[in-house]
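This document opens with one chain alone, in C-alpha cells, the form predicted alone.
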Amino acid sequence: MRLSPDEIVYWQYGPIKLNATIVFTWGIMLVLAIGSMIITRRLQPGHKRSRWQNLLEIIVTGIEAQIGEIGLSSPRQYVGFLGTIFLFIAFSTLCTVIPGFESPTGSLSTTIALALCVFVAVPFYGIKEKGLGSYLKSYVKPTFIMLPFNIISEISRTMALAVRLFGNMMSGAMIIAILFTITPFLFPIIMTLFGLLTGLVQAYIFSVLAAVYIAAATVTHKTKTEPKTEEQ
C-alpha cells in the first residue's frame, strides 16, 4: 500500500527524482491553465453576452460575495489566488476517478507548498492593504511581548493547514484501498464517491481558512465618529 505518490518514481538521476507528485502536479496546472484560456477566450465586455458568460459571471459574483462575507474589503483582488487554490485541490480530487491517477494532495510536500503559498500571501496582502509599518506593528499589539507569540502563531497555523489537508486526503485514500482488499465491489464505489465529496469540502475549507488569515492581516481599525446634531 502506497502512503504517498512520492513513492512512485518515473525517472531518477542521482539525487534528482521525477515522481508522481511532480508529474501530476504539473499536469493539473497545465490542464487548468489551458482550460481557463479556452473558457475565457470569447468573453464579451458589452451587454450582449452568451449564456456561458452569464453563468461564469454568476459564479464569480457568488465567489466574490462569499469572500466579502469573510471580511475582505475588496473581494475581487483575492479571487485569483483563493480561486486557484480551490480549483487545484478540487480538480486533484475529481481526477482520482481516472485509473492510474495519483492525487498530488496525497503528498505532504504538496500540502506544505499550498500552505506556504498562504503563508506568503498573508503578509503580501497585509502590507499591500495597510502598508509595511502598520502591518509590522500588528505583531507587537497590544504589547511587544506578543511578538514571539505572533510569529509562532504564523508558523504553527501554516503547519496546521498542511497537515490537516494531507491527513484528510491520505486517510480517505487509505480507507478506499483497505475496502478494495476486503470487499472489492460495492463499498469501494461508495467510499470513492464519499472521498470526492470530502475532497471538495477540504478544498472549500482550505480556501476559506486562507481567506480568514488574509482578512485578519488586512483588517484596518478605524475610529468611529459620532454624527453631529445640529442645534435648532
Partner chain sequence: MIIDWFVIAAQAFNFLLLIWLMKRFLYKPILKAIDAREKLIAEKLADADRKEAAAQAEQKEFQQKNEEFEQRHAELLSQATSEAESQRRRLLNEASEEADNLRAKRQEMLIHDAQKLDRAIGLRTQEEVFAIARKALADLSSDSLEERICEVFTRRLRDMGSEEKERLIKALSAQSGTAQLNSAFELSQAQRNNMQKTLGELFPTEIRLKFKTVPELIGGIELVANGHKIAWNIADYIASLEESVDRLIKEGRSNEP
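Numbering follows the first chain given and starts at 1. Quick caveat: nothing in here was measured; it's all calculated off a predicted structure. Note that the rigid core is defined as the largest set of C-alphas that superpose within 1.5 Å between two forms.
The protein also exists as the form predicted together with its partner chain; that form is not presented, and the subsequent description refers to it.
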Note to self: Even though the partner isn't displayed, in the predicted bound form is Glu69 close enough to its partner chain, meaning a heavy atom within 4.5 Å?
What the structure shows: no
Next item on the list: Using the partner position in the predicted bound form, report whether Thr218 sits within 4.5 Å of its partner chain, counting heavy atoms only.
Entry: no
Note to self: Within 4.5 Å, heavy atoms only: does Ala211 come near its partner chain in the predicted bound form?
What the structure shows: no
Check: Is Ala65 one of the residues lying within 4.5 Å of its partner chain in the predicted bound form, judged by heavy atom distances?
Finding: no
Next item on the list: From the candidate stretches 129-137, 93-101, 142-150, 116-124, select the single one in contact with its partner chain in the predicted bound form, where contact means a heavy atom within 4.5 Å.
Entry: 116-124
Check: What residues in 59-92 sit within 4.5 Å of its partner chain in the predicted bound form, counting heavy atoms only?
Finding: Val60, Thr61, Glu64, Arg76, Val79, Gly80, Phe81, Gly83, Thr84, Ile85, Leu87, Phe88
Checklist line | Residue shift check between the shown form and the other one, rigid core fit, Leu56 Cα at least 2 Å | finding: yes
